[in-house]
Every structure is written in structure tokens, then in C-alpha cells.
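Just one chain is shown here, as C-alpha cells, and it is the form predicted alone.
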Amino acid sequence: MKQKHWLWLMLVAGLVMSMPSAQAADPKELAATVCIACHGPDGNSLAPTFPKIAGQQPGYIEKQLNEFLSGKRKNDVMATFLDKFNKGDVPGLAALYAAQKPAPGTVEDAKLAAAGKKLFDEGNPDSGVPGCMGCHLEKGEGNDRYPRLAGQHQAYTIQQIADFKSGKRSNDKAKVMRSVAERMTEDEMKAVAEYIAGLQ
């Protein structure tokens, strides 16, 4: 009898442990009431300092949201919204934004973008900077492992590269972006960000 009771307790404990920590909210409602403030109604932010997340790789969105929640990635603006959602909401939000159509960016300096294209495609062999397309693909669309860059705001891209360079942002796997960014000059950051903004 005691053995049956023990087995029953183990079964119940296993079921409890496998349950999500909190019930997932409606991702559309979260997007319309929380995320919209920075990322716009469809994930295409209008403010150049906030990233466009429409069409982003879902796995990448999940990783970033989970790491904001855990504290592995820090951002003062995101920190003010973290109590509005939880880990259970992450998959739904990721799927929602991944399914949105990304808006194209705008190239403001064609000459700078041309320099950025060379860096994006070929890198800088002299300083050991690899071409961005090696990870983010030819059109910047990304894949399951690396994020979509195409059409991203110049200001946001420059800030993220600079943060990787300084170590302020450190949630890249195997320090891949930190090792690239630390070799990049400020002019190279601006050039590649300009080119990325025009990719679709």
C-alpha cells in the first residue's frame, strides 16, 4: 500500500513539474497592449532606436525574450516591461512576430551603403572581420541559428554592434558577435548598418 502511495505521489509531482509556470496570455493582446509601445502594431517599429522584429526568426525572438526575463540580456527600456509577461508567453509572441511582414528600410547614403556591402559580403581580411553573410546569409534573412538583419534601422544596428564591442551586450553564443565587433571600426559599423537597412 505504501509503495502504491509513493508511486502516486511521484506521478503527481512529475505532472506538476511538467506544467508551465504560468498560463500563457493571448499573444495578440500582449502585442497590442505592451509591445506596441516600442515595436509598433505589427513589429515594424518606427523609432530607429527600437528594433524591427516583424519577420524575425522565431527561435531568435524566443532566445532574446527568455534572456531578458532571466537577466542574461539587459536593457533599461525592456526592463520596464518585463513584469507584463512571463516565460509561458514567449513562444506565442515569437510565433506572432515571426509571421508578420517586415517593412523595408531606407538607405540614406548610397556611397556608405556600397562600402557596407563590401564589408557585409567579404569582411575585412586585414583586420580579421568576417563577412556578415557567412552567418546572416546573402540577403540578411538569417536562419534558425542567426537573426534576420534585413531592413533593420541603422541606429539600432550600430548600437548593438557597439554594445557587443564594449561587452555591454554579451548574450551571443560562443562570443561570436563580440569577437567580430571588437575588430570593427566605428566607420565600418556605420557602413554595414547602412547596407543592412536596404536589404529586403
Ligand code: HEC
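Don't overthink the numbering: it's just position in the shown sequence, from 1. Quantities reported herein were computed from a predicted structural model and do not represent experimental measurements.
Missing here is the form predicted in complex with heme C (HEC); even so, the following discussion is about that form.
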Quick check on residue 165: any heavy atom within 4.5 Å of heme C (HEC) in the predicted complex?
no
Under a 4.5 Å heavy atom criterion, is residue 142 part of the interface with heme C (HEC) in the predicted complex?
no
is_contact(residue 129, heme C (HEC)) in the predicted complex, heavy atom dist at most 4.5 Å:
yes
Exercise: residue 55 in contact with heme C (HEC) in the predicted complex, heavy atom 4.5 Å
no
Who in 41 to 61 is close to heme C (HEC) in the predicted complex, meaning a heavy atom within 4.5 Å?
49, 50, 51, 53, 56, 60, 61
